[in-house]
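Below you will find one chain, with nothing else, as structure tokens; this is the form predicted on its own, and questions on how it binds or moves follow later.
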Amino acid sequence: MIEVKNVIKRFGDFFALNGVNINVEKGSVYGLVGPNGAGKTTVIKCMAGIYRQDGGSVLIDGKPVYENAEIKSRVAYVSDDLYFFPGYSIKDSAAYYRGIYPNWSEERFEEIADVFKIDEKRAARRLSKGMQKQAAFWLGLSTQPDVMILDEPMDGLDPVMRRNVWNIMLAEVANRGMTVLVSSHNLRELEDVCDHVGIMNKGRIAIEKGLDEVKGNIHKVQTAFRDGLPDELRTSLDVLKHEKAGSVDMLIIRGDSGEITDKIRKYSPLLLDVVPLTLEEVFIYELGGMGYELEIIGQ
């Protein structure tokens, strides 16, 4: 559905994107995560057709996005930095959208108005940031897009409204096969909704996998031995982080959980417990392996 192939984007001598590859399947929810300055917003603006890449290609359904009105008419983009025409009410904005989006649905606009409960006669620029976000989703979803591209979309929304908006979008994914690409620092929220995750760092995609696969490759292990952790055991495991709390060794280990526990059991541990990692912890430890500075192993 969305294919980003070897994309390069420069700003002067600075390479914001340096060979980015992203593949988003139709009808999926793809989470794009990474530290500040990784290039997430830049690649999103290339996907939305705002930036023209300096190299590589950005395709939706096999067609280039940049300056392609037909493709853009099927894409809704909600950014962290919203723009509304001066003096336009939500009703005025809806009339504008109706004229440029062929799949605009007045019925859908009226239907989801009950979720947002914003007076459509109010000037959009005079709304709070949270209400502007709601208005952007209201208008974007009413275009019945094939693709929604979201950059920090829930910033400013209260927890109830965040859940309401996600419920609407996930229903669109399930019922119409809408594709969602979302970039957010709220990894706990992404963990609830994403099928696939791309971890971006220094202008490249470092890891791109299904969510279950990403979480299933790194494990937090708590173990204890009568005479301490055997050196030969530690060297036989791919240990990303090791801390000690009293007699308990806390290890972050990459690999198959069955193979890891089998190796540890050979040394007759007094304690062996494998604790599930959150997406946020996976993100921290994966980037730690790429030289991203870490302070602690997570509480």
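All values reported here derive from a predicted model rather than from experimental measurement. Heads up: residue numbers just count along the shown sequence, starting at 1.
Keep in mind that the form predicted in complex with a small molecule is missing from the display, and what follows is about it.
- Taking non-hydrogen atoms only, residue 68 never approaches the small molecule to within 4.5 angstroms in the model of the complex.
- Using a 4.5 angstroms threshold between heavy atoms, residue 42 counts as touching the small molecule in the model of the complex.
- Among residues of the shown chain, residue 252 is not one whose heavy atoms approach the small molecule to within 4.5 Å in the model of the complex.
- At a distance threshold of 4.5 angstroms between non-hydrogen atoms, residue 16 is in contact with the small molecule in the model of the complex.
- Taking 55, 64, 230, 37 one by one, only a single residue has any non-hydrogen atom within 4.5 Å of the small molecule in the model of the complex, and it is 37.
- For the small molecule in the model of the complex, the listed stretch (260-268, 230-238, 55-63, 28-36) containing residues with heavy atoms inside 4.5 Å is 28-36.
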